[in-house]
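Before any questions on how it binds or moves, here is one chain, the form predicted alone, in structure tokens.
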Amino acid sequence: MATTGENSRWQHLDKILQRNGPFCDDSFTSGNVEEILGRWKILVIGAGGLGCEILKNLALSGFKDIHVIDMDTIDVSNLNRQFLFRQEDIGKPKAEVAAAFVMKRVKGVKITPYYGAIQDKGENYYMQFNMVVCGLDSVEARRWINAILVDMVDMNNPESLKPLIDGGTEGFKGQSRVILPTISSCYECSLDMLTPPTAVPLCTLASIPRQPAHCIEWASILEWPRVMGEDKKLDTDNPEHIQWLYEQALERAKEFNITGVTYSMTQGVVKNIIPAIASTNAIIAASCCNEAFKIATNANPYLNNYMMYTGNDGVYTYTFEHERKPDCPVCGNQATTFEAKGDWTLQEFIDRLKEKPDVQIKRPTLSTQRKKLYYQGPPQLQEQTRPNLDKKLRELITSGEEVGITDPGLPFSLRLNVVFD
């Protein structure tokens, strides 16, 4: 006999959870949505294009206790795809508006927002959750939360292992992955898969621009500090600043007969914005939430461990297992071997490190067990170690010696065995 009222709300999911299927995990225990998912406390990081979809999906899947973190406020450009926001919400925190909207529409779910950065919270905060789902657009933020969750794992406390589900989109492409900290490959293990940003030589920007983006970068990198002075910082969220850059770039483009400079392109170049597509966000968010449901219920095996989606010319997905790297600086226990030339100066060594896609450092501090090589701060130590930048590596270290590297963008210390080739 068909059920009515509240009991019929989850009947489509209860059919999955009340009987064993052919792919159920051995630990699967039958029950209903209220019993099983009611015990789970989920953290969603990001309430943008992907985060809005994830929050909606988790709530409609039966999860009752959800927290969401986002440090951004709503901009008019968000309204075309971040469907939880409206015109009157512009300027308000994304996390708070998204939480209120979903709670209003989905009865029984509690969503607790936090307007701020993930770095504001410590291990005690993250320990309260059973699972973390990321809808981020920042590599640095992904590296940070990945390192924190790996570092939290205590082999004597199974509750300290928090599954991390990471989703990401870029135009018509996207990916989702399941990370079990210290068990499967972590985010840092696959950092070398990322395409390094292409740098345009300053001489090209200053003399012969060839593309609309070159004119925009010229305006932001060269013209802004020349006209406004070094003390006035460019605020990429300030419409007046973007308008000024757009006008300067447009004039330069006309001078070199280049077309295509627009206000939106100016905004995209200076903020490194990659066009987002609502359908890609929906597909990747669905995949992430599907994995969250499987992990929470054991009703089906979860992803092992990486799914990529390509929608440029059709609908194509490919799944593979990304293996752990024994020398991963986060989840591995070995120092990474780095080949260098003894004739390199320390500055050249740092520059080479910055070019490596699996390192991605910006302002590193370097030391060995024997000596301080170069410190970014405090000023006294920076002044003391700055002469080392012009010294050759073989004057400072021996081949095979371990160099420890810290960087503001890294939540961990990088260990390199520097071997002279």
Partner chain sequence: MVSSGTGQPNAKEKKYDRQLRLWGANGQQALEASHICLVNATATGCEVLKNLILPGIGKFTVIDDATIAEVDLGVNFFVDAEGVGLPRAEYTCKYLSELNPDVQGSYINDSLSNLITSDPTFISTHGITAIILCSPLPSHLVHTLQVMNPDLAIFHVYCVGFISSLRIFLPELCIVETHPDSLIDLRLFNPWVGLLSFAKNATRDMNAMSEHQHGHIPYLAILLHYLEKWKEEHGERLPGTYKEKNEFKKLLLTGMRTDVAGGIEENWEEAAAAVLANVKPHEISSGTREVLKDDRCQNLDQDSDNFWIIARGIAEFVASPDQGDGLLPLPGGIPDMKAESQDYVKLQNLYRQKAASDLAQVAQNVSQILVSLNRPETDIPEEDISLWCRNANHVRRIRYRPFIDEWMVDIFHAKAVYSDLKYNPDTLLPIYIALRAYQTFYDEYGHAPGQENGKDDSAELLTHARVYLSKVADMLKLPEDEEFPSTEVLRALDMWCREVTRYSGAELQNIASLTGGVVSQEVLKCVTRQYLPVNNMVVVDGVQSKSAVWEL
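Definition used throughout: the rigid core is the maximal C-alpha set that superposes within 1.5 Å between two forms. Positions refer to the first chain, counted from 1. None of the values given here were measured: they were computed from a predicted structure.
Another form exists, predicted together with its partner chain; not displayed. Remarks below refer to it.
Residues with any non-hydrogen atom within 4.5 angstroms of its partner chain in the predicted bound form fall in just one of 142-150, 206-214, 185-193, 113-121: 206-214.
Here the marked residues Ala47, Gly108 and Thr398 all miss its partner chain in the predicted bound form; none has a heavy atom within 4.5 angstroms. Contact check for Arg81: a heavy atom falls within 4.5 Å of its partner chain in the predicted bound form. Not displayed here, its partner chain is approached by Asn290 to within 4.5 Å at the level of heavy atoms in the predicted bound form. A residue is said to contact a partner when one of its heavy atoms sits within 4.5 Å of a partner heavy atom; Phe349 fails this definition for its partner chain in the predicted bound form, lying far away. Within 4.5 Å of any heavy atom of its partner chain in the predicted bound form lies no heavy atom of Trp218. The contact residue chosen from Ser138, Thr337, Thr317, Gln128 relative to its partner chain in the predicted bound form is Thr317, the criterion being a non-hydrogen atom within 4.5 angstroms. Checked against its partner chain in the predicted bound form, the candidates Ile283, Cys331, Ile74, Ala296 yield a single residue with a heavy atom inside 4.5 Å, and that residue is Ile283. Once the rigid core is used as the reference frame, the Cα position of Tyr246 differs between this form and the one not shown by 2 Å or more.
Annotation for Asp120: C-alpha shift under 2 angstroms between this form and the one not shown, rigid core superposed. Remark: with the core as the superposition reference, the CA shift of Glu255 between this form and the one not shown reaches 2 Å or more.
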